[in-house]
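In C-alpha cells, the next block holds one chain alone, the form predicted alone.
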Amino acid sequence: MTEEVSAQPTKPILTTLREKIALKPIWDNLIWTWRPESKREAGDAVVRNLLLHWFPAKVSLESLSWGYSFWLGTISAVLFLILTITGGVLMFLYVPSVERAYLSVKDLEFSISFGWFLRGLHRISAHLMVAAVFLHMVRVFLTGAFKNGRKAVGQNRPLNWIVGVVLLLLTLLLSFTGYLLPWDQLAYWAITVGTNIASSAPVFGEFSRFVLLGGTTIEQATLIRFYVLHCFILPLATVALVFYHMWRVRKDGGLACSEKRLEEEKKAEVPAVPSKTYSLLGITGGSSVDVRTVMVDDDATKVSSSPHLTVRLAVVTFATLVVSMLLTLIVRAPLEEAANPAVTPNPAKAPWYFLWLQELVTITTFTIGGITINGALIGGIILPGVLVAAAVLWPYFDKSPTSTIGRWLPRDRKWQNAVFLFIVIFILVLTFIGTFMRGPFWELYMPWQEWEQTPRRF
C-alpha cells in the first residue's frame, strides 16, 4: 500500500495553477490578474499581464501612501493620456492652414456636437499637466529624491532627475506649440511675445526664431511647424522619456521613500558573534564579514502590486479624469477674433506659464547713463538658463547625508529647501502679477480694478 501511494505522481504547482485558472469562467480569466485571490496569483499576475509589467511583484507600503508623493507623477501621466486621446480626435476635425484653422476651431465650439467639450478638456488637461509636472519636480526636490542612497547596482537617481527636468521643458513646449493652433488673437500675440523673448538669446537667438517660425513673421509656415511639433515630434519624445523615466524608477529601487526604511533597518542589525578569524598572519579575534546582517521582513513592509497598487492607480486615474471634466464644464476655452497682425492687443501677454519670464523682462529692463539694458536677454534668457543649469547640476553638488533621502523637509537640508522654495514662490508671484495685475501698456492694476481694452493699430 505504501509503495502504491508513493508511486502516484505529484502535479507541479504551476500545472495546478493553470488548471485552476482554466476552470474559471471566461470573465474571471480576463480580470483575475487585477484581483488575485492568493499571494501566488498576485505574483503570477505581474508576469501574465502586459500592463502590470510596469510594476514589480511587490511594492513598499511607503510608496503607496497618499501623503508622500501625492501621486503627482501618476496624475501627470494620466493627463498626458487624456491629451493623447482628445488630441487624436481633434486631429480629424482641425485644418492646419491660416485660412481654415480658425474656422475649424469655431466649428468645434459652435457646430460639432460636444466639440466645445472635447476642445475644452484638451486645453484644461494641458494646463493641469504643466502644473502637475512642476509640482512633481518640487516634491522630488523637497524630499531629496534625486540623490543616490544605498549602494545598489545601477542606481542613478541624479540621471532620472535630469530626465525629469527635460520632461518639464517638453511639457512647456507641448503647451506652447499648441497655443498657436486656434489662430485667434490670443494665440497669435502670445506666440509673438514668446518668440520675441527667445530671439534675445545671444548668437543663436534670431536664427532659432527664424527656424521656429519658418520665416520672419508668423504665417502658414509657422502654423505647420507648430502643428508637426505639437502632434508628432514632441509627443514622441515625451513618450520615450516617460518610458525611460519609469524604468529608471524601477532600476533605482523604487521611490526614494524606501531609503528611509533601509536606514532604520541598518540601526537594527543583528549583533555579530565573536569568533576566530584565520588570516595569513595567524588567528585573530573579531567577527567575519558574513556575520553582520540586516533583518528585512518583506511581508511586513511590502504588499503585492495587484491589487493594492492597481486599485490606487484606478482611483487616481478616475479622480484626475473627473476633475478635468468638471473644470472643463466650469471654465470654457476662450476663442477671440481671428488672428490679425495689424491689431495688437493691449496688453499682449505670453501664455500664463511664461508670464513670469515676461515679468522678469520688465524688471530687468532699465536705463543707466542713457544706455538701456536689454531685459529680454537678462530676464528672458540668462536668468532662466541659470535656473535650468542649476537644477541639472544640483544633485551632483548636494552633499547632504543619505538619511535625508525620501524625507519631507529634513533639518539637514533646510537651507537648500529654503532657497528652492524662495525661487518657486518668486516664480509664482511673478506669474500672478503678470496674469491678474498687468493692464494696458503693461501698467500695474489691482486684481479688482478694471481697464478698458485699447488695441493698437499699425
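Just count from 1 along the sequence shown to find any residue number. Remember, it's a predicted structure, so these values are computed and weren't measured experimentally.
Not on display, but discussed next: the form predicted in complex with a small molecule.
Using a 4.5 Å cut-off to the small molecule in the predicted complex, each of 74, 167 and 246 places a heavy atom inside that distance. Just one listed stretch, out of 91 to 99, 366 to 374, 252 to 260, 203 to 211, contacts the small molecule in the predicted complex at the 4.5 Å heavy atom level, and that stretch is 252 to 260.
In the predicted complex, the small molecule stays beyond 4.5 Å of every heavy atom belonging to residue 332.
In the predicted complex, residue 302 stays away from the small molecule, with no heavy atom inside 4.5 Å. Although the partner is absent here, residue 68 is a contact residue: one of its heavy atoms lies within 4.5 angstroms of the small molecule in the predicted complex. At the 4.5 Å threshold, heavy atoms of residue 140 reach the small molecule in the predicted complex. Out of the listed residues 185, 199, 160, 306, 160 is the one that sits within 4.5 Å of the small molecule in the predicted complex by at least one heavy atom. The contact with the small molecule in the predicted complex, taken as any heavy atom within 4.5 Å, belongs to 129 out of 381, 180, 121, 129.
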